[in-house]
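Presented as structure tokens, the chain that follows is alone, the form predicted alone.
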Amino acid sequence: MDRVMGIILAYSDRAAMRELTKVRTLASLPVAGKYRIIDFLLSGFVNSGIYDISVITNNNYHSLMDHLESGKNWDLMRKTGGLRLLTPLSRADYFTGEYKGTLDALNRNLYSIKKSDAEYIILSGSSIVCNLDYGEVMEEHIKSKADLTALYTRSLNGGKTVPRGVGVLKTNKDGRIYDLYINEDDVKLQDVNWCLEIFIMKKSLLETLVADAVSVGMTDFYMDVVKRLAATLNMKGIEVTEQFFEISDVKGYMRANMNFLNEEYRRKAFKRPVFTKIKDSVPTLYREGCYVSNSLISDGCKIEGTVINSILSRGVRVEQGAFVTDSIIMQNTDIKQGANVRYVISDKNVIIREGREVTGHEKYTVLIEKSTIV
């Protein structure tokens, strides 16, 4: 799809991720051990033949820049198009370090968008884990002659509770969008059009919408453009039936990761390739006497103790007599002999000392901040 440009808003103003996004963007959070949220978004574009991609980020983007580099791991190191990482300080005529909202983010980077030869734009948020095939939805968008198409699902988070802050589309029997609202409560509803924050439109229309909205002080694309102009523009909704997981709080992050322990979901999630930054790590070492059950263990780990229902990133060490259960352990964490870890998300480079017990609950996960010694 040479005529299509992908734009990823690689941040989320409504993310309540506590310490997890203290030093990184939402898009660069680890998922399923060795992947990041943005890997699924980028892979969806690349698998669909879209090689012109801009990633707009707001703050704490050092980790994201380190992960993406030149984009070569996604075959995005190209003379034409390729990967562009856009920050609030990309232009000398802007001196503030953060965007006021999604419209401000798009407006500040319109110069980059206008330089693209693409005819269509796919605008995506970064709070939903998905690896979509955009070929069919692009065809349906063009065929419908809609001004703007929004993708939605009726089974977000596997039909389980969806946290407040997620958009809901209202459509008529012809699929035309006549309203959008943000749910204000944690709800468990399946027969609702949960907005995936993925919008398709012509590039020229996006440029006009952004310029017009910003000129009158509007800041939010979803509320100040989609909702406000639903009665004016021909906006259509397309239902996508794959399973999606929304991440805007710690509970959602835990749920999205743990779902990868389900073999059926893993098969669906990886039915199309998911690319990530390549690291030349040694294979995981399983010492005699260790026990591992229903877990994802990344390269470079050393397992001497017990790991159950958990996800371990690269370079994690679980020493003899240590127990890790129902937890997410990020890169280069060292769990010492006799430690007991349950319902915990441990950030990178953490040391949990001998005999320590760190226990959360199914309804409340304990977070251990990066580079902490417990």
Partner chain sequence: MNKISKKETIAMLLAGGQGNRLGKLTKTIAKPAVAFGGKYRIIDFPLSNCINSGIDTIGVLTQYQPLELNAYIGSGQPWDLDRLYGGVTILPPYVKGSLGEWYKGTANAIYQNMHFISLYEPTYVVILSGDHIYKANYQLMIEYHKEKKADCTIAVLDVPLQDASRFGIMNVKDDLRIYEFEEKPKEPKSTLASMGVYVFTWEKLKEYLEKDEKDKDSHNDFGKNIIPKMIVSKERVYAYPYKGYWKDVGTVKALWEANMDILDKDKGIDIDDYRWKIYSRNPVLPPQYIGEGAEIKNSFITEGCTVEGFVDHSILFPGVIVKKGARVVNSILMPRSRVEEEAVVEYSIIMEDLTVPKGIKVGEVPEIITDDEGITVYSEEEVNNG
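Everything numeric here is computed off the predicted structure, so don't read it as measured data. Numbering follows the first chain given and starts at 1.
We do not show the form predicted in complex with the partner chain, though everything after this point is about it.
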Worksheet, complete the sentence: Of 291, 181, 178, 265, the only residue with a heavy atom within 4.5 Å of the partner chain in the predicted complex is 291
Discussion item. Between 171, 219, 73, 243, only one gets a heavy atom within 4.5 angstroms of the partner chain in the predicted complex; which residue is that?
Written reply: 73
Practice prompt. Select, from the options 270 to 278, 195 to 203, 233 to 241, 138 to 146, the stretch whose residues sit within 4.5 angstroms of the partner chain in the predicted complex by heavy atom distance.
Written response: 270 to 278
Discussion item. Would you classify residue 37 as touching the partner chain in the predicted complex, given a 4.5 Å non-hydrogen atom cut-off?
Written reply: no
Worksheet item: Hey, in the predicted complex, is residue 56 touching the partner chain, heavy atoms inside 4.5 Å?
Response: no
Worksheet item: With the cut-off set at 4.5 Å between non-hydrogen atoms, does residue 78 touch the partner chain in the predicted complex?
Response: yes
Discussion item. At 4.5 Å between heavy atoms, is residue 133 in contact with the partner chain in the predicted complex?
Written reply: no
